[in-house]
Each structure stands twice: as C-alpha cells, then as structure tokens.
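Quick setup: one chain, the form predicted on its own, written in structure tokens, and binding and motion questions come after.
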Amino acid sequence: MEITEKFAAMIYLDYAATTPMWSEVIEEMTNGMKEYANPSAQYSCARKARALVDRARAEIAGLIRASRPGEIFFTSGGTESDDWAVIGAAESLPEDKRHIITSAYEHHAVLESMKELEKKGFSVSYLMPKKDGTISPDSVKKELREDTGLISIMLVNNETGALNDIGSISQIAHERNVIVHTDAVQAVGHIMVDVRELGVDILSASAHKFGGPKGMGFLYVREGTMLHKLHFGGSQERGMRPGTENVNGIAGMAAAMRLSCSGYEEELTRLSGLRDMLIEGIKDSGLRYVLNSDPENSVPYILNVSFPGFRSSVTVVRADMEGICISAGAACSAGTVGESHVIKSMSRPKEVLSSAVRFSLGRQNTEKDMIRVAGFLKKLAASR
C-alpha cells in the first residue's frame, strides 16, 4: 500500500481515531465516482452504479457472515449507525419493555442516545467494567429485568481495547427475548467479526477505522429485528435510510473491508509483537506507569497507559514535538476539557485518570517505530 510522505515521516500511533486509506480503496472510489448516474434510476448507466452498490452490500454481508445482503444498511458512519441502532431499536419496543442495559464506557454516540431515551421515559442501567476492562456477562445477567428490551455493549472498547464476550451476552439476552446491539467500530476489519457467532441482532461499523473513507459506515440488522427508521424521504435502503446513495463511498468501504480482512490473523500476530515491544519500552523508560489495558483481555492494536506526573495533554504535545502521534482518548472528545469517561469507569485514581494516553497501532507501524517511541519515553522521564 502506498502512503503519503506525511505518514512516512512521522510515527502515527492513533489508528483508533482514524486510519490512512488503502491506495486500492482510493482507486475503487475513483471508479465509483465515474459512475455518476443515480443508482435509483432505470436507465443503463444507472444500473452500473446500482451494481456497484449491490456488489458492495453482498461483499460486506459475506465478510461478517450475515445471512443475506439485505441485512446490511449503509450509513454515514459509526455515530449514525449507533444512534440508529439504539434509538431505532428502543422505539420499536412495546410499552412493557422500556428498560435498557449498556455500559458506562460506551462510545458517546451510544451514551448520548441513551440520554435522549431517558428523557422519553426509558430506564437505562449503566454497567461498570471489571478490573481487566471488560464487561462481565454475569453483570448483564444480574441486571436483566422483566421489562428489559435492549442491551447495547461494545465489542472492543475504543480507548483500552478491552474485548468483550458478546457471544455470551447475546445468549443470555436471547433467553429472555432481549434485542442485542454491539458497537463493533473498533473490531470490524481488525479481528474476526462473525455476526452468527456473536449472536447479535444489530451491529455498527465505520469505514474510516479500517482503511476506508470517512463519512461511510454500515449497520447490520438481523432479519426479523424490529428497527424504527430515523430519517424520512425516498425509498433507498428499502425505505429505511432514504437519500441518494454515496456510491463511491460504498464501493470504497467494501474494498477496505476486503483488504483489511485478508490476512488479519497474521497482522494481529505482528501487532501483538509490536505492542509487546511498546510495553517493554514503557517498562524500561524510567517512567512511573499504569497499564489501563490488560494485554490478556484486549486487542493487540490498542494500548492505554497512564504516566502519573505527566498530564495527558502534556504527553501528547511532547510526543508530537518528537514526530509521534498519540492521543489522550477518543477522537470525538479531543480538544475538550475533561477526563476520559472510559478510564473513570474503571475506578482509577485521580493521577492515573488525568495522565492516561492511548497508543493505537496499524499496518504501517514497524519495530523501528517502537524503538523510537521507547527513546521518546526515556527522554520524557529525564525531563522530570
């Protein structure tokens, strides 16, 4: 894959925020833009555009093991997918099923949707993670009530990389006929995501998290799952999500998924090695540190660590001065005053909460990058 000079010159360790597009994706999108006709029209050039959309839908469905292409709905990204999943599913529930279970460390797209539902009279339970950062299926089971209608728990946490046992949660939920949604934005294109194994009814994903275009995502909705629509207008997406299709974005997302899912096991092994090198560099740096990610229960491409004595914003700026891009949390909260609600949910002490930073790795990272980061950390330690 070709990358820009900017990405070649710096060490980019914020892949959980966004990823550089594959060159093949750019080519696929360029071809999509050439099919300028409206895919909903009836003439021949429109049918070419429709074919691109249909092919992409079928490919994405196959990659997540959906039963049929019609279970895939295209959206503008992860936030819309989460909003639609949570609010659309909740508003489809009967009056006696207005209790929802979620976690305290969900993405803001889910949490803000929950707040809106609470204003409408829904009751929401917010589960706290265990010490390893995961949400226990037992805690979900204990929180179930007769009026529980929906559960929304993320598959991979975007700040710590904690990997939740969604399969077990789905099994518990379906014994009580409860709908299950998972935010899989940090999982799709990185690890095996099989909706049948997960047992979920609804799943959210975002293209720019796996080398695709920004402003493009999808929602998997298992056949038979009730979901109210949030938008009104035309008949696109079977009347559920009206508006002229983003043909080139859809084509680019499918290409990105195809490329990202190809050889992901080897890539996970490689990233595990880099993550372990990074941890060793942290240990040898002379810095005080606290790992907020449990390597045994998280994906290898996200590592959250606190350096007590250095505020998160200071570490991020100092790293940037060395040509290293890391973050102090989720991109949606970057630049705002406040502390990570994810780390806060893990009951960390104040000095740990205020000094947390995230390293997130991707396909362009190398061992040389980890060596350079280790050098930066030693330099940071020496500056105390």
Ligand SMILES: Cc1ncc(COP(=O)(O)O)c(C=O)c1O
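Note that the coordinates shown come from a computational prediction; the quantities given were computed from them, not determined experimentally. Throughout, we count residues from 1 along the sequence that is shown.
There is another form of this protein, the form predicted together with the ligand, and it is not shown here; the text below is about that form.
Colleague: For the interface check, one of 260 to 268, 185 to 193, 87 to 95, 172 to 180 should have non-hydrogen atoms within 4.5 Å of the ligand in the predicted complex; which one?
Modeller: Comparing against the ligand in the predicted complex, the contact stretch is 185 to 193.
Colleague: Under a 4.5 angstroms heavy atom criterion, identify the one residue in 300, 211, 77, 149 near the ligand in the predicted complex.
Modeller: Exactly one listed residue reaches within 4.5 Å, namely 77.
Colleague: Exactly one residue in 198, 219, 154, 287 has a non-hydrogen atom within 4.5 Å of the ligand in the predicted complex; which is it?
Modeller: When the ligand is considered in the predicted complex, the option within 4.5 Å is 154.
Colleague: Give a yes/no on whether residue 206 approaches the ligand to within 4.5 Å in the predicted complex, heavy atoms considered.
Modeller: Heavy-atom contact with the ligand at 4.5 Å: present for residue 206.
Colleague: Is there a heavy atom of residue 158 lying 4.5 Å or less from a heavy atom of the ligand in the predicted complex?
Modeller: Residue 158: contacts the ligand in the predicted complex.
Colleague: Since only the chain is shown here, I'm wondering whether residue 107 would be in contact with the ligand in the predicted complex (any heavy atom pair within 4.5 Å).
Modeller: Output for residue 107 is yes: heavy atoms within 4.5 Å of the ligand.
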